[in-house]
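Quick heads-up: it's one chain on its own, the form predicted alone, in structure tokens.
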């Protein structure tokens, strides 16, 4: 009798143990995260390491990062996966995709599930300039992560070579032209061997142009994303200035300048100054064989740069458990200490002020002051260009810019045409 009871008890124990294992397996939440790799720096390794640390601290959550090219590639692939009912719970996408993602009904606002006092404190911890592209219709749809501004890099050795103070980069458009003219170098045959300045005009032409417009005292869109101001006089003047840098002042080559190869051109000494994302800061530091400096963009009527980069989004198809796990992951990856380490490893700006109070980032900034330039520029920064049907409106603007820089149209005519196209698209959203 006792032996029979012992066997029965053992069987029940084994069954209970197996059921516990099944329950544990069922309790594991799997997250798929689409992630863009758009600029320099060891992005994938940094992200993989952060995910590894998160999984150690949260063994019940497994995260798979799907690296999908640039921001546009990532958006297309993530949306295609959602349409095909493949499991995608979160992604880092362009901050300026917010209106398109809302219009397609694929994301959920963080306000709906990040509701605790701790959550609200966390949501309020990010720089206000970065949150401008995270909010719409009174709600928070994105969390700043891979964020940046445009900064100016300059070759200090080249400055010294022509008798310029290497620690005093130009702070106005007028000074930038004068400095760039001194820095432009020609050989005995009259061929340019080093340009004074490069502003990239492929890939993110609208972004560079927006910086020029802000500096000239004008914005390109309203924050509701349903109006553009492409044909305003100050906008036209900003585009004409960009064209004049090549054809009138002759401080950079005519035509277009490639975004993807510009960093290498700067490192090779083909240009003494360049405008580029702060997201390239670490790559430039590691690749430069010369002393270089980083500064805020110069002013015409005011200082200014648009913000840039990507936000975390959580997709509507995620289950409540997946949303909870995704929120936990995003909060982990945006903690002050990790944000500080992320900024150092990649060059992207730390997205919250308390990250700059951590010992590791305070030490880094004291040794490498260039790391604080983008942060200091936040006080002059505004939201990156974002509208409903943003891809179409960006293309209208990019095409106008290309037309002007290549000599196809006047700034006034090109921007008037782009404004008319955008007006037809956005009328339905007002």
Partner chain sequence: MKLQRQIAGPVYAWLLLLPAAVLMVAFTHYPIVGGFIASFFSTGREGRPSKFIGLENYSSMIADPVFWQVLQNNAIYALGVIPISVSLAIFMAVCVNGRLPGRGIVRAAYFTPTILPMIAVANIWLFFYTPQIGLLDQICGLFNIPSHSWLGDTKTALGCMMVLAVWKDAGFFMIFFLAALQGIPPELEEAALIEGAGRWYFFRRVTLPLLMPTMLFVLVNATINSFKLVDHIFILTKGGPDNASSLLLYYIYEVAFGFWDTAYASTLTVVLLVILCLAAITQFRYMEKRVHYQ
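Note that the coordinates shown come from a computational prediction; the quantities given were computed from them, not determined experimentally. Residue numbers count along the first chain shown, from 1.
Beyond what is shown, the protein has a form predicted together with its partner chain; the following relates to that form.
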| item | value |
| --- | --- |
| Contacting member of 265, 331, 250, 317, with respect to its partner chain in the predicted complex [4.5 Å, heavy atom] | 265 |
| Sole residue of 289, 302, 121, 83 within 4.5 Å of its partner chain in the predicted complex, by heavy atom | 83 |
| 167, 338 and 377 all contacting its partner chain in the predicted complex, non-hydrogen atom within 4.5 Å | no |
| Its partner chain in the predicted complex: contacting segment from 123-131, 68-76, 212-220, 156-164, heavy atom within 4.5 Å | 68-76 |
| Contact test in the predicted complex: residue 399 vs its partner chain, heavy atoms, 4.5 Å | yes |
| In the predicted complex, residue 406 touching its partner chain (heavy atom, 4.5 Å) | yes |
| Interface membership of residue 360, its partner chain in the predicted complex, 4.5 Å heavy atom rule | no |
| Interface membership of residue 389, its partner chain in the predicted complex, 4.5 Å heavy atom rule | yes |
| Residues within 4.5 Å of its partner chain in the predicted complex, restricted to 243-275 and counted by heavy atom | 254, 255, 256, 258, 261, 264, 265, 268, 270 |
